[in-house]
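Below are two forms of the same protein chain, given as C-alpha coordinates: structure 1, then structure 2.
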Structure 1
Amino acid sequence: MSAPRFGATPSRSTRNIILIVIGVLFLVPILAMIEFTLEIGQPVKGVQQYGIQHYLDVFNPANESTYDGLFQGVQNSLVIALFTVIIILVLLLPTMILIELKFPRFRKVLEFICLIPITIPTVVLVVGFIPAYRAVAQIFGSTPYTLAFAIGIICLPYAFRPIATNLAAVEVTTLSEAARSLGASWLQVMVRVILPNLRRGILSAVLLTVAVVLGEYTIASFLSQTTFQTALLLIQQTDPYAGVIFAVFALVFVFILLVLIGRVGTLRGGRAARKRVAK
(Lines of atoms letter the chains of each structure in order from A and count residues from 1; the text may use other names and numbers.)
(Lines give C-alpha, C1' and ligand atoms only; values in the text may rest on other atoms or scores of the structure.)
Protein backbone atom coordinates (compact mmCIF):
# COMPACT_ATOMS: atom_id res chain seq x y z
CA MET A 1 0.00 0.00 0.00
CA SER A 2 2.16 2.85 -1.22
CA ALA A 3 -0.65 5.19 -2.26
CA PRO A 4 -1.33 7.92 0.31
CA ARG A 5 -4.42 7.27 2.39
CA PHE A 6 -6.88 10.11 2.92
CA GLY A 7 -10.08 8.61 4.25
CA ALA A 8 -11.13 6.13 6.88
CA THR A 9 -9.54 3.03 5.36
CA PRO A 10 -6.96 1.51 7.74
CA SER A 11 -3.56 0.26 6.62
CA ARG A 12 -3.16 -3.37 5.72
CA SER A 13 -1.22 -4.15 8.90
CA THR A 14 -3.79 -2.45 11.17
CA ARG A 15 -6.50 -4.45 9.43
CA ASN A 16 -4.60 -7.71 9.86
CA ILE A 17 -3.89 -7.14 13.56
CA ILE A 18 -7.56 -6.40 14.35
CA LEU A 19 -8.98 -9.24 12.29
CA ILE A 20 -6.46 -11.85 13.46
CA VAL A 21 -6.77 -11.03 17.19
CA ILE A 22 -10.59 -11.02 17.15
CA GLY A 23 -10.79 -13.94 14.73
CA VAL A 24 -8.63 -16.10 17.01
CA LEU A 25 -10.74 -15.17 20.06
CA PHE A 26 -13.86 -16.21 18.17
CA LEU A 27 -12.30 -19.49 17.02
CA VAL A 28 -11.36 -20.64 20.53
CA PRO A 29 -14.86 -21.74 21.69
CA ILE A 30 -15.49 -23.53 18.38
CA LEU A 31 -12.16 -25.37 18.65
CA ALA A 32 -12.87 -26.14 22.31
CA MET A 33 -16.15 -27.78 21.29
CA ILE A 34 -14.42 -29.91 18.66
CA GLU A 35 -11.61 -30.82 21.08
CA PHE A 36 -14.18 -31.81 23.70
CA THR A 37 -16.08 -34.14 21.36
CA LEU A 38 -12.84 -35.89 20.38
CA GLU A 39 -11.70 -36.61 23.95
CA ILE A 40 -11.53 -40.26 24.98
CA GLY A 41 -11.61 -40.98 28.69
CA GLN A 42 -9.77 -39.03 31.37
CA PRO A 43 -6.22 -37.82 30.74
CA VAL A 44 -3.63 -40.44 31.76
CA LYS A 45 -0.57 -38.80 33.40
CA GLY A 46 -1.63 -35.49 31.90
CA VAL A 47 -1.93 -36.88 28.37
CA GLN A 48 -5.37 -36.79 26.77
CA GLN A 49 -6.35 -39.51 24.28
CA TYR A 50 -8.31 -38.42 21.21
CA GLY A 51 -10.56 -40.25 18.76
CA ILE A 52 -13.95 -40.28 17.12
CA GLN A 53 -15.49 -42.66 19.66
CA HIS A 54 -18.24 -40.26 20.79
CA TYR A 55 -19.33 -39.60 17.22
CA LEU A 56 -19.64 -43.36 16.61
CA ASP A 57 -21.62 -43.73 19.86
CA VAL A 58 -24.21 -41.16 18.81
CA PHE A 59 -24.98 -43.02 15.59
CA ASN A 60 -24.63 -46.53 17.01
CA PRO A 61 -28.07 -48.22 16.72
CA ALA A 62 -27.38 -49.96 20.06
CA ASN A 63 -27.64 -46.58 21.81
CA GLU A 64 -30.85 -45.67 20.08
CA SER A 65 -32.92 -45.52 23.26
CA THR A 66 -30.40 -43.14 24.90
CA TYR A 67 -30.71 -40.59 22.14
CA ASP A 68 -34.38 -41.21 21.44
CA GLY A 69 -35.46 -37.90 23.00
CA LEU A 70 -32.88 -35.98 20.99
CA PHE A 71 -33.91 -37.49 17.66
CA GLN A 72 -37.56 -36.89 18.61
CA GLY A 73 -36.67 -33.25 19.29
CA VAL A 74 -34.91 -32.90 15.93
CA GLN A 75 -37.90 -34.43 14.19
CA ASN A 76 -40.36 -32.15 16.02
CA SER A 77 -38.27 -29.09 15.18
CA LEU A 78 -38.17 -30.03 11.49
CA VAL A 79 -41.96 -30.44 11.35
CA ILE A 80 -42.42 -27.14 13.23
CA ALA A 81 -40.03 -25.52 10.74
CA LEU A 82 -42.16 -26.81 7.87
CA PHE A 83 -45.39 -25.46 9.42
CA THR A 84 -43.74 -22.13 10.24
CA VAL A 85 -42.57 -21.78 6.64
CA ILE A 86 -46.14 -22.48 5.51
CA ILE A 87 -47.43 -19.75 7.84
CA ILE A 88 -44.91 -17.30 6.37
CA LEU A 89 -45.77 -18.25 2.77
CA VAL A 90 -49.55 -18.43 3.20
CA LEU A 91 -50.16 -15.57 5.65
CA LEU A 92 -47.29 -13.09 5.46
CA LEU A 93 -46.28 -13.23 1.79
CA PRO A 94 -49.73 -12.69 0.18
CA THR A 95 -50.43 -9.88 2.66
CA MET A 96 -47.18 -8.14 1.74
CA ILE A 97 -47.92 -8.40 -1.99
CA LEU A 98 -51.53 -7.26 -1.53
CA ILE A 99 -50.44 -4.23 0.49
CA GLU A 100 -47.77 -3.36 -2.06
CA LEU A 101 -50.33 -3.51 -4.91
CA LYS A 102 -53.53 -2.20 -3.37
CA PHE A 103 -52.84 -0.47 -0.06
CA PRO A 104 -49.34 1.07 -0.25
CA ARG A 105 -50.28 3.51 2.51
CA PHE A 106 -50.41 0.52 4.92
CA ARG A 107 -46.80 -0.42 4.16
CA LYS A 108 -45.52 1.35 7.30
CA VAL A 109 -48.22 -0.27 9.44
CA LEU A 110 -47.28 -3.75 8.25
CA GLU A 111 -43.60 -3.05 8.83
CA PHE A 112 -44.38 -1.82 12.33
CA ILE A 113 -46.39 -4.96 13.12
CA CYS A 114 -43.70 -7.27 11.77
CA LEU A 115 -41.00 -5.57 13.86
CA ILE A 116 -42.98 -5.70 17.14
CA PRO A 117 -41.55 -9.14 18.06
CA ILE A 118 -38.11 -7.50 18.27
CA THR A 119 -39.33 -4.89 20.74
CA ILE A 120 -41.30 -7.33 22.89
CA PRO A 121 -38.82 -9.93 24.20
CA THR A 122 -39.79 -13.55 23.55
CA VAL A 123 -39.63 -14.26 27.27
CA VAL A 124 -42.38 -11.63 27.73
CA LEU A 125 -44.58 -12.92 24.90
CA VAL A 126 -44.28 -16.40 26.32
CA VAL A 127 -46.01 -15.26 29.53
CA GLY A 128 -49.01 -14.54 27.28
CA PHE A 129 -48.54 -17.66 25.17
CA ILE A 130 -49.03 -19.90 28.20
CA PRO A 131 -52.73 -18.97 28.74
CA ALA A 132 -53.27 -18.64 24.95
CA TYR A 133 -51.99 -22.18 24.42
CA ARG A 134 -54.48 -23.59 26.91
CA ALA A 135 -57.08 -22.58 24.30
CA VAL A 136 -54.93 -23.88 21.43
CA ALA A 137 -54.52 -27.24 23.20
CA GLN A 138 -58.30 -27.59 23.44
CA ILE A 139 -58.63 -27.19 19.67
CA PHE A 140 -55.56 -28.99 18.34
CA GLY A 141 -54.54 -31.09 21.35
CA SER A 142 -51.17 -30.68 23.06
CA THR A 143 -48.80 -31.45 20.20
CA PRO A 144 -45.43 -29.76 19.69
CA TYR A 145 -46.46 -28.83 16.13
CA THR A 146 -48.82 -26.09 17.34
CA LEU A 147 -45.70 -24.21 18.46
CA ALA A 148 -45.43 -23.14 14.81
CA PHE A 149 -48.10 -20.46 15.45
CA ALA A 150 -46.06 -18.85 18.22
CA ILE A 151 -42.69 -19.32 16.54
CA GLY A 152 -44.14 -17.87 13.31
CA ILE A 153 -44.65 -14.62 15.24
CA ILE A 154 -41.02 -14.39 16.33
CA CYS A 155 -39.94 -15.21 12.74
CA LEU A 156 -41.90 -12.25 11.33
CA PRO A 157 -39.05 -9.70 11.55
CA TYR A 158 -36.62 -12.11 9.88
CA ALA A 159 -39.02 -13.12 7.12
CA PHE A 160 -40.31 -9.59 6.51
CA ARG A 161 -36.96 -7.91 5.78
CA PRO A 162 -35.77 -9.94 2.76
CA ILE A 163 -39.21 -10.01 1.13
CA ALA A 164 -39.64 -6.25 1.68
CA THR A 165 -36.19 -5.55 0.21
CA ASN A 166 -37.07 -7.66 -2.82
CA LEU A 167 -40.48 -5.97 -3.23
CA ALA A 168 -38.85 -2.54 -3.11
CA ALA A 169 -36.37 -3.52 -5.84
CA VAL A 170 -39.01 -4.89 -8.23
CA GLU A 171 -41.65 -2.64 -9.79
CA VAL A 172 -44.48 -4.95 -8.78
CA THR A 173 -47.26 -2.46 -9.55
CA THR A 174 -45.95 -1.67 -13.04
CA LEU A 175 -45.34 -5.34 -13.79
CA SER A 176 -48.80 -6.41 -12.69
CA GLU A 177 -50.50 -3.55 -14.57
CA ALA A 178 -48.54 -4.51 -17.69
CA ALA A 179 -49.55 -8.15 -17.32
CA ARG A 180 -53.16 -7.22 -16.62
CA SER A 181 -53.35 -4.96 -19.67
CA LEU A 182 -52.03 -7.85 -21.77
CA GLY A 183 -55.01 -9.88 -20.54
CA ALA A 184 -53.51 -11.97 -17.77
CA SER A 185 -55.79 -13.04 -14.92
CA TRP A 186 -54.81 -12.19 -11.35
CA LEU A 187 -53.76 -15.80 -10.78
CA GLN A 188 -51.47 -15.65 -13.81
CA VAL A 189 -50.05 -12.32 -12.65
CA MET A 190 -49.28 -13.83 -9.26
CA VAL A 191 -47.82 -17.15 -10.42
CA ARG A 192 -46.02 -16.07 -13.59
CA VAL A 193 -45.04 -12.47 -12.91
CA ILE A 194 -44.88 -11.52 -9.24
CA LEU A 195 -43.69 -14.71 -7.50
CA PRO A 196 -40.83 -15.43 -9.95
CA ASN A 197 -39.59 -11.87 -9.39
CA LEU A 198 -39.68 -12.32 -5.64
CA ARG A 199 -38.06 -15.75 -5.43
CA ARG A 200 -34.81 -14.46 -3.92
CA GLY A 201 -36.54 -12.59 -1.14
CA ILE A 202 -38.83 -15.56 -0.51
CA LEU A 203 -35.93 -18.02 -0.43
CA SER A 204 -33.99 -15.88 2.07
CA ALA A 205 -37.10 -15.51 4.22
CA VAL A 206 -37.65 -19.29 4.22
CA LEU A 207 -34.03 -20.13 5.06
CA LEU A 208 -33.93 -17.56 7.89
CA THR A 209 -37.20 -18.92 9.24
CA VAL A 210 -35.76 -22.45 9.32
CA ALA A 211 -32.65 -21.16 11.10
CA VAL A 212 -34.75 -19.35 13.72
CA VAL A 213 -37.00 -22.38 14.33
CA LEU A 214 -34.05 -24.73 14.81
CA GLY A 215 -32.47 -22.34 17.33
CA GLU A 216 -35.69 -21.60 19.22
CA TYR A 217 -35.56 -22.54 22.89
CA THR A 218 -37.61 -20.06 24.96
CA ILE A 219 -41.12 -20.84 23.68
CA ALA A 220 -40.63 -24.61 23.62
CA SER A 221 -39.25 -24.71 27.15
CA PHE A 222 -42.00 -22.53 28.67
CA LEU A 223 -44.70 -24.53 26.90
CA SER A 224 -42.98 -27.80 27.97
CA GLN A 225 -42.62 -29.24 24.47
CA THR A 226 -39.73 -31.30 23.15
CA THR A 227 -37.84 -29.56 20.37
CA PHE A 228 -34.24 -29.79 19.23
CA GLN A 229 -33.01 -27.14 21.70
CA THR A 230 -34.89 -28.41 24.75
CA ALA A 231 -33.81 -31.99 24.02
CA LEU A 232 -30.23 -30.78 23.60
CA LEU A 233 -30.23 -29.24 27.07
CA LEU A 234 -31.75 -32.41 28.51
CA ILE A 235 -29.28 -34.83 26.90
CA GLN A 236 -26.38 -32.62 27.98
CA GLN A 237 -27.12 -33.46 31.62
CA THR A 238 -26.68 -37.21 31.03
CA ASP A 239 -24.31 -37.25 28.06
CA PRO A 240 -22.45 -33.94 27.59
CA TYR A 241 -20.55 -35.35 24.57
CA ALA A 242 -23.74 -36.01 22.62
CA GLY A 243 -25.02 -32.52 23.48
CA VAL A 244 -21.90 -30.82 22.16
CA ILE A 245 -21.69 -33.09 19.08
CA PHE A 246 -25.21 -32.12 18.08
CA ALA A 247 -24.48 -28.46 18.82
CA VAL A 248 -21.51 -28.67 16.43
CA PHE A 249 -23.72 -30.32 13.76
CA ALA A 250 -26.40 -27.66 14.19
CA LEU A 251 -23.83 -24.89 13.95
CA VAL A 252 -22.46 -26.31 10.70
CA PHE A 253 -26.00 -26.75 9.35
CA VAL A 254 -27.03 -23.18 10.19
CA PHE A 255 -23.74 -21.89 8.76
CA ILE A 256 -24.53 -23.65 5.46
CA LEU A 257 -28.07 -22.20 5.53
CA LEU A 258 -26.76 -18.69 6.05
CA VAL A 259 -24.04 -19.07 3.41
CA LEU A 260 -26.87 -20.07 1.05
CA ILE A 261 -28.72 -16.89 2.05
CA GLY A 262 -25.52 -14.93 1.35
CA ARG A 263 -25.33 -16.57 -2.07
CA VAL A 264 -28.95 -15.68 -2.75
CA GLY A 265 -28.14 -12.12 -1.70
CA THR A 266 -25.17 -11.74 -4.04
CA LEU A 267 -27.14 -13.24 -6.92
CA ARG A 268 -29.25 -10.10 -6.61
CA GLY A 269 -26.28 -8.21 -8.04
CA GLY A 270 -26.20 -10.72 -10.89
CA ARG A 271 -27.90 -8.45 -13.35
CA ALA A 272 -25.44 -5.62 -12.75
CA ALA A 273 -22.53 -8.04 -12.97
CA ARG A 274 -23.75 -9.42 -16.27
CA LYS A 275 -24.09 -5.89 -17.62
CA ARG A 276 -20.49 -5.25 -16.65
CA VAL A 277 -19.37 -8.36 -18.51
CA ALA A 278 -21.38 -7.34 -21.57
CA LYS A 279 -19.44 -4.08 -21.81
Structure 2
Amino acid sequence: MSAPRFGATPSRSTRNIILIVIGVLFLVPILAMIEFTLEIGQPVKGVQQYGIQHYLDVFNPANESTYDGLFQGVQNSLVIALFTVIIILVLLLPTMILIELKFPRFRKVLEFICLIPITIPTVVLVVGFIPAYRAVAQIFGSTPYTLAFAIGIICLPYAFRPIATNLAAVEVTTLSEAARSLGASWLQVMVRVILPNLRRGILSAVLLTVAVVLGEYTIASFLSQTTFQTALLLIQQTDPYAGVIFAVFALVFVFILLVLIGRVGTLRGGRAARKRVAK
Protein backbone atom coordinates (compact mmCIF):
# COMPACT_ATOMS: atom_id res chain seq x y z
CA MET A 1 0.00 0.00 0.00
CA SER A 2 1.39 3.37 -0.98
CA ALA A 3 1.62 6.21 1.49
CA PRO A 4 -1.32 8.65 1.43
CA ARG A 5 -0.79 11.96 -0.36
CA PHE A 6 -1.92 15.20 1.20
CA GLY A 7 -2.98 18.21 -0.82
CA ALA A 8 -3.86 18.52 -4.47
CA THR A 9 -1.47 17.23 -7.11
CA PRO A 10 -0.86 19.91 -9.77
CA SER A 11 -2.06 18.99 -13.22
CA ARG A 12 0.28 18.67 -16.17
CA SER A 13 -0.82 22.02 -17.57
CA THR A 14 -0.15 23.69 -14.20
CA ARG A 15 3.35 22.24 -14.09
CA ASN A 16 3.99 23.42 -17.65
CA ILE A 17 2.82 26.93 -16.79
CA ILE A 18 5.12 27.04 -13.75
CA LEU A 19 8.06 25.87 -15.86
CA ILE A 20 7.30 28.46 -18.54
CA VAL A 21 7.11 31.29 -15.98
CA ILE A 22 10.40 30.23 -14.38
CA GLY A 23 12.01 29.90 -17.80
CA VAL A 24 10.89 33.40 -18.78
CA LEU A 25 12.26 34.86 -15.56
CA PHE A 26 15.66 33.35 -16.36
CA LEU A 27 15.71 33.96 -20.10
CA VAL A 28 14.55 37.59 -20.24
CA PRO A 29 17.61 39.04 -18.43
CA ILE A 30 19.97 36.85 -20.47
CA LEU A 31 18.33 37.85 -23.76
CA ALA A 32 18.51 41.49 -22.69
CA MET A 33 22.26 41.08 -22.07
CA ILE A 34 22.76 39.50 -25.49
CA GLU A 35 20.70 42.25 -27.14
CA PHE A 36 22.88 44.88 -25.45
CA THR A 37 26.11 43.28 -26.70
CA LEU A 38 24.79 43.31 -30.28
CA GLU A 39 24.00 47.05 -30.31
CA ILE A 40 26.15 49.16 -32.64
CA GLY A 41 26.30 52.92 -32.17
CA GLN A 42 23.32 55.16 -31.54
CA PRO A 43 19.85 54.49 -32.99
CA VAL A 44 19.39 55.90 -36.49
CA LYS A 45 15.93 57.46 -36.94
CA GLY A 46 14.72 55.49 -33.94
CA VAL A 47 16.02 52.17 -35.29
CA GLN A 48 18.82 50.46 -33.39
CA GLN A 49 21.54 48.83 -35.49
CA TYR A 50 22.80 45.38 -34.50
CA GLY A 51 25.88 43.35 -35.31
CA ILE A 52 28.70 41.27 -33.86
CA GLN A 53 31.27 44.05 -33.95
CA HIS A 54 31.78 44.04 -30.16
CA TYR A 55 32.47 40.29 -30.21
CA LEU A 56 35.00 40.76 -33.00
CA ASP A 57 36.69 43.55 -31.04
CA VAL A 58 37.06 41.36 -27.95
CA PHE A 59 38.78 38.55 -29.88
CA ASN A 60 40.71 40.78 -32.24
CA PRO A 61 44.48 40.13 -31.79
CA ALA A 62 45.08 43.85 -32.24
CA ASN A 63 43.16 44.50 -28.98
CA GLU A 64 44.95 41.79 -27.03
CA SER A 65 46.61 44.27 -24.69
CA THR A 66 43.23 45.86 -23.87
CA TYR A 67 41.62 42.61 -22.76
CA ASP A 68 44.75 40.84 -21.54
CA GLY A 69 43.79 41.29 -17.88
CA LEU A 70 40.32 39.88 -18.50
CA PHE A 71 41.63 36.76 -20.25
CA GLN A 72 44.16 36.33 -17.44
CA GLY A 73 41.36 36.60 -14.89
CA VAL A 74 39.35 33.91 -16.71
CA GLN A 75 42.39 31.62 -16.75
CA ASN A 76 43.08 32.20 -13.06
CA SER A 77 39.46 31.50 -12.10
CA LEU A 78 39.41 28.24 -14.07
CA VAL A 79 42.63 27.06 -12.39
CA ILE A 80 41.29 28.11 -8.98
CA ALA A 81 38.10 26.17 -9.71
CA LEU A 82 40.19 23.09 -10.55
CA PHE A 83 42.23 23.37 -7.35
CA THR A 84 39.11 23.99 -5.26
CA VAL A 85 37.37 20.92 -6.70
CA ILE A 86 40.47 18.84 -5.91
CA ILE A 87 40.45 20.13 -2.33
CA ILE A 88 36.76 19.26 -1.97
CA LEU A 89 37.19 15.76 -3.42
CA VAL A 90 40.40 14.98 -1.52
CA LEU A 91 39.44 16.36 1.89
CA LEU A 92 35.67 16.72 2.26
CA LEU A 93 34.45 13.62 0.40
CA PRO A 94 36.66 11.03 2.18
CA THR A 95 35.90 12.68 5.53
CA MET A 96 32.15 12.43 4.95
CA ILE A 97 32.42 8.79 3.90
CA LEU A 98 34.63 7.92 6.88
CA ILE A 99 32.23 9.54 9.33
CA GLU A 100 29.27 7.80 7.70
CA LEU A 101 30.96 4.40 8.00
CA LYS A 102 32.89 4.59 11.28
CA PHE A 103 31.85 7.64 13.31
CA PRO A 104 28.16 8.38 12.64
CA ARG A 105 27.84 10.20 15.97
CA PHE A 106 30.04 12.98 14.52
CA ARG A 107 27.75 13.52 11.54
CA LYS A 108 26.07 16.57 13.06
CA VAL A 109 29.41 18.03 14.12
CA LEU A 110 30.74 17.84 10.56
CA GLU A 111 27.52 19.33 9.21
CA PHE A 112 27.76 22.24 11.64
CA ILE A 113 31.38 22.91 10.66
CA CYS A 114 30.63 22.78 6.93
CA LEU A 115 27.63 25.10 7.21
CA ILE A 116 29.42 27.78 9.27
CA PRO A 117 30.80 29.67 6.22
CA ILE A 118 27.32 30.28 4.84
CA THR A 119 26.20 31.90 8.11
CA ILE A 120 29.11 34.39 8.25
CA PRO A 121 29.36 37.28 5.78
CA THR A 122 32.20 36.86 3.31
CA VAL A 123 33.65 40.25 4.28
CA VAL A 124 34.01 39.06 7.87
CA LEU A 125 35.66 35.82 6.73
CA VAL A 126 38.17 37.76 4.63
CA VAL A 127 39.37 39.63 7.75
CA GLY A 128 40.36 36.27 9.21
CA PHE A 129 41.75 35.00 5.92
CA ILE A 130 44.26 37.83 5.54
CA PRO A 131 46.76 36.69 8.24
CA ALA A 132 46.27 33.06 7.25
CA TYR A 133 46.83 33.98 3.60
CA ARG A 134 50.16 35.60 4.50
CA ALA A 135 51.34 32.30 5.95
CA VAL A 136 50.09 30.38 2.90
CA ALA A 137 51.77 32.90 0.58
CA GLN A 138 55.11 32.36 2.32
CA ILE A 139 54.87 28.62 1.62
CA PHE A 140 53.19 28.45 -1.80
CA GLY A 141 53.81 31.99 -3.05
CA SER A 142 51.41 34.90 -3.44
CA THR A 143 49.56 33.78 -6.57
CA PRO A 144 45.88 33.74 -7.47
CA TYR A 145 45.90 29.94 -7.27
CA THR A 146 46.47 30.00 -3.50
CA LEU A 147 42.99 31.53 -3.23
CA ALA A 148 41.71 27.98 -3.64
CA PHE A 149 42.47 27.36 0.06
CA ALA A 150 40.20 30.25 1.09
CA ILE A 151 37.52 29.76 -1.56
CA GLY A 152 37.42 26.06 -0.67
CA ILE A 153 36.08 27.09 2.74
CA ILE A 154 33.41 29.25 1.12
CA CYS A 155 32.39 26.29 -1.06
CA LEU A 156 32.02 23.86 1.86
CA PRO A 157 28.26 24.39 2.42
CA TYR A 158 27.48 24.10 -1.29
CA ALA A 159 29.58 20.95 -1.73
CA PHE A 160 28.51 19.33 1.55
CA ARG A 161 24.75 19.38 1.04
CA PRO A 162 24.48 17.38 -2.25
CA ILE A 163 26.93 14.75 -1.03
CA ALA A 164 25.17 14.48 2.34
CA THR A 165 21.81 14.09 0.62
CA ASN A 166 23.20 11.34 -1.61
CA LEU A 167 24.76 9.58 1.40
CA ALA A 168 21.44 9.66 3.22
CA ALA A 169 19.71 8.03 0.23
CA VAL A 170 22.26 5.18 -0.06
CA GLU A 171 22.86 2.44 2.50
CA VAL A 172 26.61 3.00 2.46
CA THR A 173 27.28 0.95 5.59
CA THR A 174 25.28 -2.04 4.36
CA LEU A 175 26.88 -1.96 0.92
CA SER A 176 30.40 -1.70 2.31
CA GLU A 177 29.84 -4.53 4.81
CA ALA A 178 28.42 -6.73 2.06
CA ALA A 179 31.41 -6.01 -0.18
CA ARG A 180 33.85 -6.65 2.66
CA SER A 181 32.16 -9.97 3.46
CA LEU A 182 32.76 -11.01 -0.16
CA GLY A 183 36.48 -10.34 0.18
CA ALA A 184 36.79 -6.84 -1.27
CA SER A 185 39.49 -4.57 0.11
CA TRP A 186 38.65 -1.10 1.40
CA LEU A 187 40.07 0.42 -1.78
CA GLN A 188 37.80 -1.78 -3.89
CA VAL A 189 34.85 -0.91 -1.68
CA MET A 190 35.53 2.79 -2.15
CA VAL A 191 36.16 2.70 -5.91
CA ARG A 192 33.66 0.05 -7.03
CA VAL A 193 30.85 0.32 -4.48
CA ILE A 194 30.65 3.66 -2.65
CA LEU A 195 31.80 6.21 -5.24
CA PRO A 196 29.54 4.93 -8.06
CA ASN A 197 26.53 5.26 -5.76
CA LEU A 198 27.57 8.81 -4.81
CA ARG A 199 28.06 9.87 -8.41
CA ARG A 200 25.11 12.29 -8.55
CA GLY A 201 26.01 13.99 -5.28
CA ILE A 202 29.65 14.36 -6.30
CA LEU A 203 28.77 15.80 -9.71
CA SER A 204 26.35 18.27 -8.13
CA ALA A 205 29.00 19.33 -5.59
CA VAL A 206 31.55 19.86 -8.38
CA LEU A 207 29.09 21.96 -10.40
CA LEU A 208 28.18 24.17 -7.44
CA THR A 209 31.85 24.57 -6.52
CA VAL A 210 32.76 25.73 -10.03
CA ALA A 211 29.81 28.14 -10.07
CA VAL A 212 30.80 29.62 -6.69
CA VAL A 213 34.44 30.06 -7.77
CA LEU A 214 33.46 31.82 -11.01
CA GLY A 215 31.22 34.20 -9.06
CA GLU A 216 33.59 34.90 -6.15
CA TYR A 217 34.71 38.53 -5.95
CA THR A 218 35.12 39.59 -2.30
CA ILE A 219 38.08 37.38 -1.36
CA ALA A 220 40.03 38.10 -4.55
CA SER A 221 39.38 41.83 -4.24
CA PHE A 222 40.51 42.09 -0.60
CA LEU A 223 43.61 39.98 -1.30
CA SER A 224 44.44 41.99 -4.45
CA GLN A 225 44.38 39.04 -6.85
CA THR A 226 43.17 38.96 -10.45
CA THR A 227 40.25 36.64 -11.06
CA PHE A 228 37.36 36.63 -13.50
CA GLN A 229 35.13 38.83 -11.35
CA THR A 230 37.79 41.40 -10.41
CA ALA A 231 38.97 41.70 -14.02
CA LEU A 232 35.36 41.92 -15.19
CA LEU A 233 34.71 44.87 -12.88
CA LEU A 234 37.77 46.70 -14.18
CA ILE A 235 36.97 46.15 -17.86
CA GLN A 236 33.37 47.28 -17.38
CA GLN A 237 34.63 50.74 -16.45
CA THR A 238 36.24 51.17 -19.88
CA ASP A 239 34.26 48.80 -22.12
CA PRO A 240 30.83 47.81 -20.78
CA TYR A 241 30.13 45.69 -23.87
CA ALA A 242 33.11 43.43 -23.18
CA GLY A 243 32.04 43.02 -19.54
CA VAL A 244 28.54 41.91 -20.54
CA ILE A 245 29.93 39.62 -23.28
CA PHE A 246 32.09 37.73 -20.81
CA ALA A 247 29.23 37.59 -18.30
CA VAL A 248 27.11 35.92 -20.99
CA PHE A 249 29.94 33.51 -21.75
CA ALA A 250 30.16 32.61 -18.06
CA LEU A 251 26.42 31.88 -17.91
CA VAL A 252 26.61 29.75 -21.05
CA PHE A 253 29.64 27.88 -19.67
CA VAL A 254 27.88 27.03 -16.41
CA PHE A 255 24.74 25.98 -18.31
CA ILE A 256 26.73 23.67 -20.61
CA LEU A 257 28.55 22.24 -17.60
CA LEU A 258 25.20 21.56 -15.93
CA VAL A 259 23.87 19.79 -19.02
CA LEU A 260 27.02 17.69 -19.43
CA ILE A 261 27.10 16.65 -15.79
CA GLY A 262 23.40 15.77 -15.84
CA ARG A 263 23.87 13.86 -19.08
CA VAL A 264 26.82 11.89 -17.73
CA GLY A 265 24.86 10.99 -14.58
CA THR A 266 21.84 9.90 -16.64
CA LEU A 267 23.89 7.80 -19.05
CA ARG A 268 25.79 6.02 -16.29
CA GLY A 269 22.66 5.49 -14.24
CA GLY A 270 20.87 4.01 -17.27
CA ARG A 271 23.86 1.78 -18.06
CA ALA A 272 23.92 0.49 -14.47
CA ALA A 273 20.18 -0.18 -14.55
CA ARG A 274 20.51 -2.17 -17.81
CA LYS A 275 23.29 -4.26 -16.27
CA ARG A 276 21.11 -5.08 -13.26
CA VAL A 277 18.24 -6.09 -15.55
CA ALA A 278 20.59 -8.27 -17.63
CA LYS A 279 21.77 -10.09 -14.53
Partner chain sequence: MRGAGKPSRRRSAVWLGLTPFAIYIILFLAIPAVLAVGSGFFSAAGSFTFDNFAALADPSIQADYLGTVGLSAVTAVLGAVIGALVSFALLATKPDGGLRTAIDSASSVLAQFGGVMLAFAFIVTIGTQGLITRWLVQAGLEQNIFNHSASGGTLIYTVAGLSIPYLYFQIPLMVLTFMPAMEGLKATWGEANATLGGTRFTYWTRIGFPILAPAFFGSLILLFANAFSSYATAAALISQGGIIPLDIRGYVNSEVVVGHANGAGVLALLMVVTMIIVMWLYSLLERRASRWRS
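Remember, it's a predicted structure, so these values are computed and weren't measured experimentally. Each form is matched to the other, and the largest set of C-alpha atoms that superpose within 1.5 Å is called the rigid core. Please note that residue numbering is based on structure 1, beginning with 1 at the start of its sequence.
Matching the description of the form predicted together with the partner chain is structure 1; structure 2 comes from elsewhere. With the core superposed, residue 35 shows a C-alpha displacement of at least 2 Å between the two structures. Relative to the superposed rigid core, the position of the CA of residue 234 differs between the two structures by less than 2 Å. In the core-superposed comparison between the two structures, the C-alpha atom of residue 217 has shifted by less than 2 angstroms.
On the core-superposed pair, the CA position of residue 20 changes by 8.7 Å between the two structures.
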